[in-house]
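A single chain, nothing else alongside it, follows as structure tokens in the form predicted on its own.
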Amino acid sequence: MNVLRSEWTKLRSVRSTWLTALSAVVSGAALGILGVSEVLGGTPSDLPTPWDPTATSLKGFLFAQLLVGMLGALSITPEYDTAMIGTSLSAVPSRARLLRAKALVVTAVGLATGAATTLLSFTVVQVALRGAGLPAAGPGDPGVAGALVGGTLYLTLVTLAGMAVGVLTRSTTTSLAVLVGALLLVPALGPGLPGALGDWFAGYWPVTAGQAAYTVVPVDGALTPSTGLAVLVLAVDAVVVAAYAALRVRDV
């Protein structure tokens, strides 16, 4: 508990933690509205098929996921930048205990940020759709609550992955570069590769697979929400294990 309190104090006392979390919430909602702006002036017959108002409302995750990933990375990289990691390891010699406590705190902050981002994005977009007379979703509709939980878990897992990337890179700027590549570039460019390799990136790249967690209307060729979330969980677990191995074996 002392280690947990210490990690919570370190994270909450840094202004960048709250600025990054707030930016994720606001940008998720703003980009969600922007994503549906082109259909707000149309009629139901103009909507794309299949129409999934829940998943559509979470289009702002495209940028919010990068911010929550950096939120996770910033839980550790400043300690390397300032050489305070040596002090942390002197106070807590067990690297497993230190990383476990940091992961728990980061997960809790990521969960709160993910829930706020998901709920605000969903709410503002559904209000806009209803105001335009377009089909919208409600929390009580079949599958919607599960999708909102899936969206929250998706962002939470990305936050935890960001922490692991921070441990592996030991650099804020390098962490940002890695997260941009993993969250934005590979999902955009990977499916364009020829043959089975492109098909794998289109369906099984962990970030792409995890995005199925907040869909309600099935998409041909896409993973089910539970399978997609499981793929992302396994990938994040692997990155966290790699981060622990790196923290254990290399010099600070």
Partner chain sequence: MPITDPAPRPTAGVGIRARGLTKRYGSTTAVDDLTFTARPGVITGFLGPNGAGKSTAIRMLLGLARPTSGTITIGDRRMAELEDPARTIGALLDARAVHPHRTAYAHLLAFAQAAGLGRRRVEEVLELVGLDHAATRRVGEFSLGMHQRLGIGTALLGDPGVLVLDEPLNGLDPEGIRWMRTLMRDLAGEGRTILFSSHLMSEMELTADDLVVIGQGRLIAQASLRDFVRDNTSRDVLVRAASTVELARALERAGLTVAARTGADAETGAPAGAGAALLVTGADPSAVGHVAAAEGIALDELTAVRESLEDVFLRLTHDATDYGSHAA
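Predicted, not measured: the structure shown is a model, and the values here were computed from it. Numbering follows the first chain given and starts at 1.
The same protein has a further form, the form predicted in complex with its partner chain, not shown here; the description that follows concerns it.
Looking at its partner chain in the predicted bound form, residues 6, 82 and 89 each place a heavy atom within 4.5 Å of it. Only one segment in the set 90 to 98, 174 to 182, 114 to 122, 128 to 136 has any non-hydrogen atom within 4.5 angstroms of its partner chain in the predicted bound form, and it is 90 to 98. For the chain shown alone, residue 143 is not a contact residue for its partner chain in the predicted bound form, no non-hydrogen atom being within 4.5 angstroms. Contact annotation for residue 14: at least one heavy atom lies within 4.5 Å of its partner chain in the predicted bound form. Residues of 17 to 56 are not found to place any heavy atom within 4.5 Å of its partner chain in the predicted bound form.
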